[in-house]
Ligand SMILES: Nc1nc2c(c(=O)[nH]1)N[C@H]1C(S)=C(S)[C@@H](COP(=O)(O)O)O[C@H]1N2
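Only one chain is shown below, in structure tokens, and it's the form predicted on its own.
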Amino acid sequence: MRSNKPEQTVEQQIKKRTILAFTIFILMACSAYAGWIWLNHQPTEQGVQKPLRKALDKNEEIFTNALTFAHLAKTYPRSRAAKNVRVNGDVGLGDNFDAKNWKMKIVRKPGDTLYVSLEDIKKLPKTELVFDFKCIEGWSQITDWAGVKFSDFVKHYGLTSQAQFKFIGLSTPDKKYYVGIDMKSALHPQTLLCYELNGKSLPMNQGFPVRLIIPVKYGVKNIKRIGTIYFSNERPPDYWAERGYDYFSGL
């Protein structure tokens, strides 16, 4: 049985769909605005609203579980390495630094600190790594680094019990820059206690005498001029995470 309702013209159909689409758009925009207002009224945690921090923490959990020692950053021949290497930040690299008397402090436990000189580190097997260093500012650069695998350092100095902790904390000698690294990433085969750039000692602005190179993370985790390393089952303080960035910062 045919309906007596007259068929709509093409123009009427287009108008109806346009009104429907516009209505949906307005509703979605209002919902987004209401969500933005709600989010901005939430309490903050480590420099960002709690719901966002929870989302970042969930991402960290997923990435941490997915990370394996088989996950390696792509490497390149030395000929591809940049000659003029960019610097990704200078916090913690103040001029008031006594390079001659520098020793890296390894806090094995409260009251038990190991002091390691640059010469001590250079006695360990050297590893060179040419990879694409990535900065959260959006740039990347193929760079040539060399130093000691952190996993080799741990073995040499008998830090196997400390390596059972979930995190390591690192800070510059002046304590102005500091990072927290999950232990799985710290023990990754490409993570270096680095003392050379392009076959020469690190320049001051690149973290002389020793910095961290960790290709599975963004540059914010590659702390320059390491002063102290310690171990913890709780997240150590992290300079950029406190300012709203992702704590894990993985690639």
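The model shown is predicted, which means the values in this text are computed figures rather than measured ones. The first residue of the shown sequence is 1; numbering continues from there.
Note that the form predicted together with the ligand isn't included here; everything after this is about it.
Novice: Look up in the predicted complex whether Asp132 has a non-hydrogen atom within 4.5 angstroms of the ligand, and give yes or no.
Specialist: Asp132 lies outside the contact set for the ligand.
Novice: Answer with yes or no whether Val148 is in contact with the ligand in the predicted complex, where contact means some heavy atom within 4.5 Å.
Specialist: It does not: once the ligand is placed as it appears in the predicted complex, Val148 has no heavy atom within 4.5 Å of it.
Novice: Answer with yes or no whether Ala73 is in contact with the ligand in the predicted complex, where contact means some heavy atom within 4.5 Å.
Specialist: Flag for Ala73 set to no.
Novice: Tell me, yes or no, whether Arg86 is in contact with the ligand in the predicted complex, where a contact means a heavy atom of each within 4.5 Å.
Specialist: Close contact exists here: in the predicted complex, Arg86 approaches the ligand to within 4.5 Å, heavy atoms only.
Novice: Can you work out which of Met104, Leu93, Ile142, Ile121 has a heavy atom no more than 4.5 Å from the ligand in the predicted complex?
Specialist: Of the listed residues, the single hit is Leu93.
Novice: Just one of Leu187, Val216, Val220, Leu193 has a heavy atom within 4.5 angstroms of the ligand in the predicted complex, so which one?
Specialist: In short, Val220.
Novice: Only one of 73 to 81, 150 to 158, 105 to 113, 170 to 178 gets a heavy atom within 4.5 Å of the ligand in the predicted complex; which is it?
Specialist: Of the options given, it is 170 to 178.
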